[in-house]
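Below, in structure tokens: the form predicted alone, a single chain.
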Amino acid sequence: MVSNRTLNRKPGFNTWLPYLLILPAVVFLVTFLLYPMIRALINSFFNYQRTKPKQYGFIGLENYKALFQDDDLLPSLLISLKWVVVEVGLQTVIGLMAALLLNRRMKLQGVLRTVIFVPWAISGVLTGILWMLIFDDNFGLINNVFEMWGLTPRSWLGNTSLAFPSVVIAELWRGIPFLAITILAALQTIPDEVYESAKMDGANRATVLFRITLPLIKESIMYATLMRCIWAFQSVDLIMTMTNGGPLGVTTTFALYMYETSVTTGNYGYGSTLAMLSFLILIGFTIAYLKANSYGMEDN
């Protein structure tokens, strides 16, 4: 056993130990988060194009002025808004229902939880490939079922009316587990005595849900929906894998447009400007969201 005298021999080391323990995390954040942000900010003031290296140079606010002349910017932002609202709205409702179901004691509860949580462990690219095969025009599962039922097969990812809903379904399958896990964890913190008291007072299920359960897990739901909004707005992998923004741009979100501008086209300067716009949008949305819902504050 180590005595207190032994632990106190090196007060300097004990003082610096906590900082040494968090040093790897700090280095990781600086390398993969802070430095790319600073680099993107610097690049946004330069004419930096992969196909025109000789024209590289400082151009001031010209890239930011180009935002107001970009005909593809507003449509991509509107598609992103639609994507976030539909995705997060459906994921929240279905995730809440799944969490309430998983919180009940039942047979094969562990198996059911595994089935619901597994999609969260699959990457966006693999999820996109899986659902692309399911929606395939020729040998996809859905069209095969349609043919068995005597229905006309559809071009799910090639139809301008069906492509967006198809991608939404794929993202729902992947995103619901996060909401379910977060809400389930919050539900399990509610003491059983609260429900027993409500039952003794004659409260029905609807009253218990809206007057007790939802208010007690409000902040967990807010946190989960906020994170899903941020992730959905920045989502690229699944959409790029399934439709690559098509057909006719109906699934080209702002994040995908930013990726195509920076990586595909090679216009790193303007792509960095789009990244700065994305950063400002997310910062503004987060502040407004938290302030509107009084997150982390007790109601007066």
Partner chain sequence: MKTSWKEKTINIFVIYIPLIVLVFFVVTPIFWTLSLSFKHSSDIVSEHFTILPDPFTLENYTKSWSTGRISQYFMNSAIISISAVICVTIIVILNGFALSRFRFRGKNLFMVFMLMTQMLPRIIIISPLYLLMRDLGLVDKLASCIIVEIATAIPFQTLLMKGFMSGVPKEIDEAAEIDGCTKMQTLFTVILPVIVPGILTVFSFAFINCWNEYLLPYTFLSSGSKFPLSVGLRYMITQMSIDYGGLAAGAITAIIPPLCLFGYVQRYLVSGMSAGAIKG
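Quick caveat: nothing in here was measured; it's all calculated off a predicted structure. Numbering follows the first chain given and starts at 1. Rigid core (definition): largest C-alpha set, two forms, superposition within 1.5 Å.
Keep in mind that the form predicted in complex with the partner chain is not shown, yet the notes after this line are about it.
In the model of the complex, at least one heavy atom of Leu29 sits within 4.5 Å of a heavy atom of the partner chain.
The closest heavy atom approach of Ile176 to the partner chain in the model of the complex falls within 4.5 Å. Contact check for Phe210: every heavy atom lies farther than 4.5 Å from the partner chain in the model of the complex. With a 4.5 Å cutoff on heavy atoms, Tyr64 does not count as touching the partner chain in the model of the complex; it lies far away. Exactly one listed residue, out of Pro119, Pro153, Pro165, Gly89, brings a non-hydrogen atom to within 4.5 Å of the partner chain in the model of the complex: Pro119. Of the candidates Ala203, Val85, Met222, Val125, Val125 is the one whose heavy atoms come within 4.5 Å of the partner chain in the model of the complex; the others do not. Of the candidate stretches 73-81, 101-109, 154-162, 210-218, only 101-109 has residues whose heavy atoms lie within 4.5 Å of the partner chain in the model of the complex. Scanning 37-59 for heavy atoms within 4.5 Å of the partner chain in the model of the complex gives Met37, Arg39, Ala40, Asn43, Tyr48, Arg50 in sequence order. Relative to the superposed core, Leu61 shifts its CA atom by less than 2 Å between this form and the one not shown.
Core-superposed comparison between this form and the one not shown: the CA of Leu248 stays below a 2 Å shift.
After superposing the rigid core, the C-alpha of Ile38 moves by less than 2 Å between this form and the one not shown.
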